[in-house]
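This document starts with one chain, in the form predicted alone, laid out as structure tokens.
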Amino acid sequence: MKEVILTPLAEEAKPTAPKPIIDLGEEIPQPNTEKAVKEAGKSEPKAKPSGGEPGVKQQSLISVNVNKLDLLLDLVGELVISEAMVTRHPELEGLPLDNFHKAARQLRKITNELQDLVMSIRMVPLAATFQKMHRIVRDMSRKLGKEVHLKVVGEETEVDKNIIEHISDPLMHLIRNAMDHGIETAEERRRKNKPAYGTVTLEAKSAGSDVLIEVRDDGRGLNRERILEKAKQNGLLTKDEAELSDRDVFGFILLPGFSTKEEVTEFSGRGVGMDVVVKEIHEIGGTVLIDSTPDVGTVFTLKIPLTLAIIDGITVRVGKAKYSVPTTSIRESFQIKAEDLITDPDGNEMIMIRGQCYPVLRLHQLFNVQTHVTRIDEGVIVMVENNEKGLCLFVDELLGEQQVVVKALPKYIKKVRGIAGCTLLGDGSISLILDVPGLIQMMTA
């Protein structure tokens, strides 16, 4: 039988720890003293709640070497090529392989998802690069005696890690150029009913498979006549003045050694800043556009690809050679009649499409490829565009669309104008990737 005895304490009596008589068949530990509780609190750290503080999101991050990400991207690229070589093998053509094609579609789906995941891992926001420009604006404002505010928009836009390393210097040169050449002094701005301080806007936004980075200022704009006169002095004009658009004239400032400053200063006059911009942007397959309005401002637009590794391309055949044209550069493809071809007095071939003339480039003549398709009505016209300029490529036939992994040409192979790289196709053959901006510049210069 179990028995419990309770003893009441007198109110005046000093409380003491009673010794209860508890017969439950087991020992009951005595309560800890205050000192023991403090020591226990020191020895046992408080456990953090697993969910964290309410309303606060915790992120688990891990640092990974960039070289490992590059290797992973290369392996995914090889996987894309291998998948194409298996699912599009020439020996499978015409065979009733319904189950195989079903499995191939599933493999292609998983490969695309893996590729998108790897690409997203390599994406880095532009915030860190944009924030560096605040110091440049502050330093130049102090040295030039101009009050300039920098406005940043879209800094959360992400681009590939390899690309972000090439745009820091171009942005720095564009901002310095805008502050030195574009932004007026406070007195001049007041005379034009403008705020005493100038504003330089740095904006990034996504546009399909490209990223557009704009550097805008609200300054005096570009002086078309002055740039044209300087281009004449340097012998840069290749066309009649009447044929040059504003964008063509503004493009002269991007040429090496070109500067409208009469004297060399710390920030300008040497003609090297804008040359660096073009060189760096062209290395990553991007382009530079310039628009300007007098007393309103100037806009420099950098159009750069999201990634340099894997692109969507249309494979074309010229003789026994195969070429890949980036899908983003293609406007349309069609066939024409022989009487639609126009030849100017210099022997240049052109096509009139919707009231506008476009030059025709025969790839078999450019790359000296032997082919039996030489009549304009026997082949296919592929119209490509870049910077609002168009070009018609004459090829034998279209072979289809395919994701291609861009491989740089080996150093021992001489750089050929019009070729941006190479890739492996599904049948194991090599396809050269066309440099559309280079071809258009070559035909329209």
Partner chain sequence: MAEIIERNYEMEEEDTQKGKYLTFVVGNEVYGIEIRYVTEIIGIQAITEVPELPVYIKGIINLRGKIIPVMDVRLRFNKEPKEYNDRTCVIVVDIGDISIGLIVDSVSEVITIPDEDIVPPPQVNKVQNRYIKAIGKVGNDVSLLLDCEKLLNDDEVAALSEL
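Predicted model only: the values in this text are computed from it and were never measured. Definition used throughout: the rigid core is the maximal C-alpha set that superposes within 1.5 Å between two forms. Numbering follows the first chain given and starts at 1.
Not on display, but discussed next: the form predicted in complex with its partner chain.
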Would you say all of K407, I413 and C422 touch its partner chain in the predicted bound form, counting a heavy atom within 4.5 Å as a touch? yes
Is E78 part of the interface with its partner chain in the predicted bound form - any heavy atom within 4.5 Å? yes
Whether F367 contacts its partner chain in the predicted bound form should be assessed with a 4.5 Å heavy atom distance threshold; does it? yes
Is R417 close enough to touch its partner chain in the predicted bound form, meaning at least one heavy atom pair within 4.5 Å? yes
Using the rigid core as the reference frame, would you say N162 shifts its C-alpha by 2 Å or more between the shown form and the other one? no
Taking the rigid core as the frame, does L73 move its C-alpha by 2 Å or more between the shown form and the other one? yes
After the core is matched up, is the C-alpha of K192 off by 2 Å or more between the shown form and the other one? no
